[in-house]
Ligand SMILES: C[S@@+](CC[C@H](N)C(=O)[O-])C[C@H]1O[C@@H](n2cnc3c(N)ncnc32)[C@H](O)[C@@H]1O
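Before any questions on how it binds or moves, here is one chain, the form predicted on its own, in structure tokens.
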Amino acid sequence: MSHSNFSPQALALSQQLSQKIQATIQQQGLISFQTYMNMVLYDHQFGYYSNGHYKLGELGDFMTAPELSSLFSRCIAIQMAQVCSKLSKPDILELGAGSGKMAKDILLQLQQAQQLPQQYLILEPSRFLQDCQKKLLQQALPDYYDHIIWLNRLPKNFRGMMIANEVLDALPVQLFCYQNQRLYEVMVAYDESEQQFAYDYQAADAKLSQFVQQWQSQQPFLAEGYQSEAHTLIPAWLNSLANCLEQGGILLIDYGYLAHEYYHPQRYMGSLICHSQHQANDKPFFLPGLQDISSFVNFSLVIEVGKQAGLDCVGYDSQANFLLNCGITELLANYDPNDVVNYLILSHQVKKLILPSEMGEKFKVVGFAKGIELDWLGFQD
């Protein structure tokens, strides 16, 4: 990775964000990694998702499934249609809609099946991304566009389907480590001599200690030097969804593991990962605001919190099984194999979505329901 890969304008944005983070550290002494990650990703002026640098697809820093293939979102739409068929006047709510491509492909599939929702709601904190979404969706769905609503907070008494694809991994995490038989929180300092951010450590508080002990008691994993992530924002985030859902379902799709794999003794360096120009790295202090920072998801926590919030967990499976159950191979079969180039492109996309060596096993899908009884297509054995 090199500074030369970025424009002077981008480097200037990163410098301004760095100065803002430095000022926060000067005021507070140390900041948690969670605070640092939140500022890097979500600062309304200079953050990664707000400053205009963030792009998806080939020209961006990483590739998501909706950007890779419209077949992914069409499968999601098929699952949504099944759930929504049990409701009167259902809506769809997408959390963090990225470029808007997923919304576009979901709506085009539902339009084709004559199952468009009453409204398609998008909760997107980034004004920059909102503008991208509006431009794409107005062009793709001019007749339905007035039914697409951008929100700045969760709706009340929501009835329908919620979808969050690669949102959980971007929730800022706390970092912890185990040294000298003590649990520490990994903090962020600014090294004046090196002119860069650096890790520092302080004793973990009661809340973080309790969070880590919850998983340590189920499967001991702490050993000298062990470091990992605590997803302490997931409970409040998922509870907020459960509270606003009156009737319907929630689909969460992300990369992650169940707790026995996530907090495994061999995964002693955690799962924090950064992406810049389609290259992964482990340097979260490199050019703040110009690269993505994320963490694999502890799906045991997600499932547990959902149940405690009064949701029914209707299924948890790999992305591969979910897409196959929703009929991705049948969707592919509808295309003309004699159109060789197009068919080969689509076949390659399907392979990337479902092969274990690609996205098929790395990504997981969890479904929750409230107030409906239904065997979801995506989670059938």
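Keep in mind that what you see is a predicted model, and the values were worked out from it rather than measured. So that there is no doubt, residue numbering starts at 1 and follows the sequence shown.
Although it is not shown, the form predicted in complex with the ligand is what the next lines describe.
Engineer: Is P235 close enough to touch the ligand in the predicted complex, meaning at least one heavy atom pair within 4.5 Å?
Structural biologist: No, P235 stays farther than 4.5 Å from the ligand in the predicted complex.
Engineer: State yes or no: in the predicted complex, is some non-hydrogen atom of E166 no more than 4.5 angstroms from a non-hydrogen atom of the ligand?
Structural biologist: Answer yes; at least one heavy atom of E166 falls within 4.5 Å of the ligand in the predicted complex.
Engineer: Within 4.5 Å, heavy atoms only: does G96 come near the ligand in the predicted complex?
Structural biologist: Answer yes; at least one heavy atom of G96 falls within 4.5 Å of the ligand in the predicted complex.
Engineer: Given that the ligand is not shown alongside this chain, does E229 nevertheless sit within 4.5 Å of it in the predicted complex, heavy atom to heavy atom?
Structural biologist: Contact with the ligand, no.
Engineer: Between S70, Q349, T64, S32, only one gets a heavy atom within 4.5 angstroms of the ligand in the predicted complex; which residue is that?
Structural biologist: Among S70, Q349, T64, S32, a heavy atom within 4.5 Å of the ligand in the predicted complex occurs only for T64.
Engineer: Work out which of L171, I303, L208, L87 lies within 4.5 Å of the ligand in the predicted complex, going by heavy atoms.
Structural biologist: None of the others qualify; the residue that does is L171.
Engineer: Would you confirm whether the three residues Y42, S126 and L129 all fall within 4.5 Å of the ligand in the predicted complex, going by non-hydrogen atoms?
Structural biologist: Every listed residue reaches the ligand in the predicted complex, so yes.
Engineer: In terms of non-hydrogen atoms within 4.5 angstroms, which of the given stretches 158-166, 112-120, 264-272, 198-206 touches the ligand in the predicted complex?
Structural biologist: Of the options, only 158-166 has residues within 4.5 Å of the partner.
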